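What follows is one chain in structure tokens, specifically the form predicted alone.
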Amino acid sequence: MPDNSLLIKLAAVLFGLAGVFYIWRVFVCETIGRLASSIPIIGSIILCFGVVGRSIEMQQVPFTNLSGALAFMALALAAIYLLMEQRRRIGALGTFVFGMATIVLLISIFMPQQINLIPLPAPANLWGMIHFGASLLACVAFTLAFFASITYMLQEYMLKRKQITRLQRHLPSLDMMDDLAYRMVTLGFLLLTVGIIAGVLWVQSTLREILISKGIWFLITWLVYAAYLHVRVVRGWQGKWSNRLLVLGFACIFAGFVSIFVAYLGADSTYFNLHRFER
């Protein structure tokens, strides 16, 4: 049986290498940079084996501990991006995507594996799995929307200053980035809504009790993306203001994950009351 930890480490190396080749493709050479399209596919397959193998080994879904959740997110981020890249010319985003996936995997690798969620009696545990799975996938979709907004702003900046460079030519068009961000936010918003509802059912409590600790950040995140969809769909706003909301939404996600690590360090006892971890 292969060493699952070794597979995840190998995937991290390949994702890092893919990020380098994506940069190479944009700034140096298109021909050699084409390797950037194949290396992450191999890395994703290896990571999939690692994540699934670890789940089988631990006899639980991959995101029931923090290390597994991060590896699951890196896999989802890479897989969704690679699927989109098959249909759109968005290669410049690969630099951001695989840079982020590498960082997330490295954090996962260096985290202790024995930090497990304390199982709750069924069916509460089922709601917990839905809560975690949907929320993590929502974060992945919002992250891709954030990268699309960053690319949009970079392309817009260079076009306004008429900086026609190799980088500008490799960046996707403004319309493509705006459409991609909108689709990812729509997907993420639906998943986050499911995640929040499942979370409320999971703790078998009132909405008031989840409005603390990590929960409050994800509710704020939900409101920010609801505002984005409102201005994007109802008011028809695109570009500058809608992209700023995407940056704000990503900042909320980042703050939510910071709260998780604070909980891990034992600084937030309230968190442990709702999302208990054992060492």
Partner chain sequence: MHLMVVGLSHKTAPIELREKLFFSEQQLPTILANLKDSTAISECAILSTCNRTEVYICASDPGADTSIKTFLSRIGGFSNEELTPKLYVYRSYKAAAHLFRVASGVDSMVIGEQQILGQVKTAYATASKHGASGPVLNTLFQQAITVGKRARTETEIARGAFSIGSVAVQLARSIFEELSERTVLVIGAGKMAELTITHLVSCGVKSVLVANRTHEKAEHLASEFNGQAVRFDNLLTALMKADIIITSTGAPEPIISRNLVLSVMRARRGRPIFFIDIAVPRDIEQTVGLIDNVFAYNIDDLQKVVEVGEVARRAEIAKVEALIAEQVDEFMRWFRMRDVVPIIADLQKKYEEICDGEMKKLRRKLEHLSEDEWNAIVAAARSILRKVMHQPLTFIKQCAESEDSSDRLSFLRELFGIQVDELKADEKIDGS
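Residue numbers count along the first chain shown, from 1. None of the values given here were measured: they were computed from a predicted structure.
In what follows, reference is made to the form predicted in complex with the partner chain, a form of this protein that is not presented.
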{"query": "4.5 Å heavy atom contact, Gly199 to the partner chain in the model of the complex", "finding": "no"}
{"query": "Contact test in the model of the complex: Leu174 vs the partner chain, heavy atoms, 4.5 Å", "finding": "yes"}
{"query": "Contact label in the model of the complex: Val28 to the partner chain, heavy atom within 4.5 Å", "finding": "yes"}
{"query": "The partner chain contact at Trp237 in the model of the complex, heavy atom, 4.5 Å", "finding": "yes"}
{"query": "Contact residue in the model of the complex, from Thr95, Ser135, Gln155, Ser108 (heavy atom within 4.5 Å of the partner chain)", "finding": "Gln155"}
{"query": "In the model of the complex, the residue from Gln168, Thr193, Thr186, Asn125 that sits within 4.5 Å of the partner chain by heavy atoms", "finding": "Gln168"}
{"query": "Residue stretch of 141-149, 68-76, 158-166, 95-103 approaching the partner chain in the model of the complex, non-hydrogen atom distance within 4.5 Å", "finding": "158-166"}
